[in-house]
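Next up: a single chain in structure tokens, the form predicted on its own.
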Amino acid sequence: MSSEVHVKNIGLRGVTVADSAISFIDGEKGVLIYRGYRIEDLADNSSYMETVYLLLHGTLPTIEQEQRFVEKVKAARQVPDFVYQSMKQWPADAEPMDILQAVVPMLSMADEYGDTFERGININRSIGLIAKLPTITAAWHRIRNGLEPLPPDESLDHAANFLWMLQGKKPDAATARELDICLVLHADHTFNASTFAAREVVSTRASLYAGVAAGLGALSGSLHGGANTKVMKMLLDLEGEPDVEAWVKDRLAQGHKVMGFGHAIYKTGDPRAVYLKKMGQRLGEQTGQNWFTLSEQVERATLAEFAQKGKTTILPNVDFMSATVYYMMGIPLDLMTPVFAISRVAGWCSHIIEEQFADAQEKPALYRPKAQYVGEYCGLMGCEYSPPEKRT
């Protein structure tokens, strides 16, 4: 056995694996920064399209640059017809995240650039994926319900167009703007599991499509994406509960979790959650639905229980706040993680390009971590092979 000291598997937590200029988190102070800009500043003043430009190019665009960029995105929204025809053959109960992960490689087959490996071309590929993921998500929802996909509307911005394609009606301006802010808030988050997966895959010089498909695969896992869906299911189960405080106490006493609390990084509050909470309150007032009020009851009761136990760093996270927001926007439960992907694809693409063109030689540094072998060991010559008839 190797004489090296065995280090407990911690899932690479705290291990720096690469340099990045894309985003930064200070979990103790509750700070999230994209390319030097605090998320609060971008949420208040920017748009998703402007934020995407910032992530991809490293600077905020001029008016003319943003106009050209938006035009490119709108021109790339439509999906090839062979993709629609294929989707119509798929089981209607297929998971939407599986649909997204299946379609992205199909889009690579229609890539006009072939196997060309250049930064500018990969930015164009990124624009295509950022434009098409909302179209695919909305199209699948309609196809599985026996409806024809709706064409993109060039008069609408990114968020409003998605809601139109999904629901068949144009959203009110306030809701469209709030969804746009949601996309800004979720666009990047340093080396989370899906971003790391995307970067690791393209470090082999695999295509941008392969990297995004890997990101989608990682996001589909229950420990990464889907937490807001679980929050909303919890709230739906709680509808009509006469004593929410007692329910929370009993749940925690039995050792179960209250979904949507705690974060691996943020210890003093997630800056994104502040915006989502305000959205939830407004949407509740606009729609007359009581989901925000119910979530507030759960939040107060849970925080009170944690405070009694001295767990003051376990706070409601972005998933707790986004669940009711998306639900009141009319987004189905199983599309909440795809909406996450619709936003995060901008971050994945930015990280992929950074990984692919990180050095002067424009070659990725192949990720090759070590593993600590803890299996059977019979010396350097290996264990003696015995034929099947002699094994006991």
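Don't overthink the numbering: it's just position in the shown sequence, from 1. Given the structure is predicted, the values throughout are model-derived calculations rather than measurements.
As for the form predicted together with another copy of the chain, it is not shown, yet the points below apply to it.
Screening 303-311, 68-76, 213-221, 237-245 for residues having heavy atoms within 4.5 Å of another copy of the chain in the model of the complex returns a single hit, 213-221. Checked against another copy of the chain in the model of the complex, the residues I331, I353, L42, M49 give one hit for a heavy atom within 4.5 Å, which is L42. For the options Q254, Q85, S155, N145, the one in contact with another copy of the chain in the model of the complex, meaning a heavy atom within 4.5 Å, is Q85. Shown alone here, T190 lies within 4.5 Å of another copy of the chain in the model of the complex, counting heavy atoms only. Within this chain, Q89 lines the site of another copy of the chain in the model of the complex, having a heavy atom no more than 4.5 Å away. The shortest heavy atom separation between H57 and another copy of the chain in the model of the complex exceeds 4.5 Å. Not displayed here, another copy of the chain is approached by Y367 to within 4.5 Å at the level of heavy atoms in the model of the complex. Within 4.5 angstroms of another copy of the chain in the model of the complex, the stretch 12-29 places a non-hydrogen atom from each of L12, R13, G14, V15, T16, V17, A18, D19, S20, A21, I22, S23, F24, I25, D26, K29, taken in sequence order.
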